[in-house]
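As structure tokens, one chain now follows by itself in the form predicted alone.
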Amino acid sequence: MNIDWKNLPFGYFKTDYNVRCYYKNGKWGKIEVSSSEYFSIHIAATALHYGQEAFEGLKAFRGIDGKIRIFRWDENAKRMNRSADGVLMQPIPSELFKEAMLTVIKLNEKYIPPFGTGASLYLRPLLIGSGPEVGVKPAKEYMFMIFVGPVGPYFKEGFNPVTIQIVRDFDRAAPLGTGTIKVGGNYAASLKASERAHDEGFASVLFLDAKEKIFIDECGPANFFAIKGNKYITPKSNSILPSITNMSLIDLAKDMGMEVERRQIAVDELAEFDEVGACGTAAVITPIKKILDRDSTKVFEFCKDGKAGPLSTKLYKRLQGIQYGEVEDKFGWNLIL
């Protein structure tokens, strides 16, 4: 196996096995192991017609001691069940989620990138309505699966500042809609804005609240955060997905003696911030050097020396240090194999 671990993109990578489990006749079956990248699905499955689908993303790391660390898997399991509840799918018992996760990691252990490469093993749990319905109603059958693959940084720049674009002519999700759960429809709704931004030379987009277009919402596929003095500030909204990475950064910021504010952030406040960034499982932290308002062409600039700000860097190094076993995991976030 000849893999260039240090230059892995964030993308699909074929590994040896995935695991699947089916909910039928009112109960979950046993976990099945498959080497196929495909599965059969009924033509009237609710996932295809009515969007009964949810997914997760989490990572396993090869630590400095050679051990495997899985970061905060229990929070991903809880969030998947919140998503399932949001679109009326069958929840997954925590022990089933854990068994499936451990099984697929062990079967594909050789694909966990070595320590020091900056790469990790990405896990993609998926839950879909597999049962047939033609009327608009929840399915009676579901499929849960997890596939894995080694990945590098989500943005090709890695932990280097990127430029993003504020958009107002697209919404990722509506208030009281599905923005707070991890379902595919939210991402489909973001594609046109994101692809246009990429075509115009931007790494991602900054969505504003769908109601007034005044407050900062999501930063593409990630949460937004800002640093002002010794404050860590992140949006509070009923259309933002609660990021497990952001949740972790909030705890780390508090532990570092920073004040944390979770509140509505007016887009005009960007001019007052010292550092800004995006955070999520895939990107961890992506510092932002420039934000262009597509409508007004107003530009907000950060990282004047071309490098990530000092507090963003400190938070990033500490979180990565915990994930790779270099820093004490005082919060008990890692499951160590």
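All residue numbers are counted from 1 along the displayed sequence. Treat the numbers as computed from the prediction; the structure is a model and nothing was measured.
Keep in mind that the form predicted together with a small molecule is not shown, yet the notes after this line are about it.
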(request) Determine whether any heavy atom of residue 279 comes within 4.5 Å of a heavy atom of the small molecule in the predicted complex, and answer yes or no. (result) yes
Classify residue 218 as contacting or not contacting the small molecule in the predicted complex by the rule of any non-hydrogen atom within 4.5 angstroms, answering yes or no. yes
Can any non-hydrogen atom of residue 79 be found within 4.5 angstroms of the small molecule in the predicted complex? yes
If you check in the predicted complex, is residue 241 within 4.5 Å of the small molecule, heavy atoms only?
yes
If we test each of 100, 89, 222, 167 for a heavy atom within 4.5 Å of the small molecule in the predicted complex, the one that passes is 222
Only hit among 234, 130, 83, 245 for heavy atom within 4.5 Å of the small molecule in the predicted complex is 245
Of 89-97, 250-258, 139-147, 181-189, the segment with heavy atoms within 4.5 Å of the small molecule in the predicted complex is residues 181-189
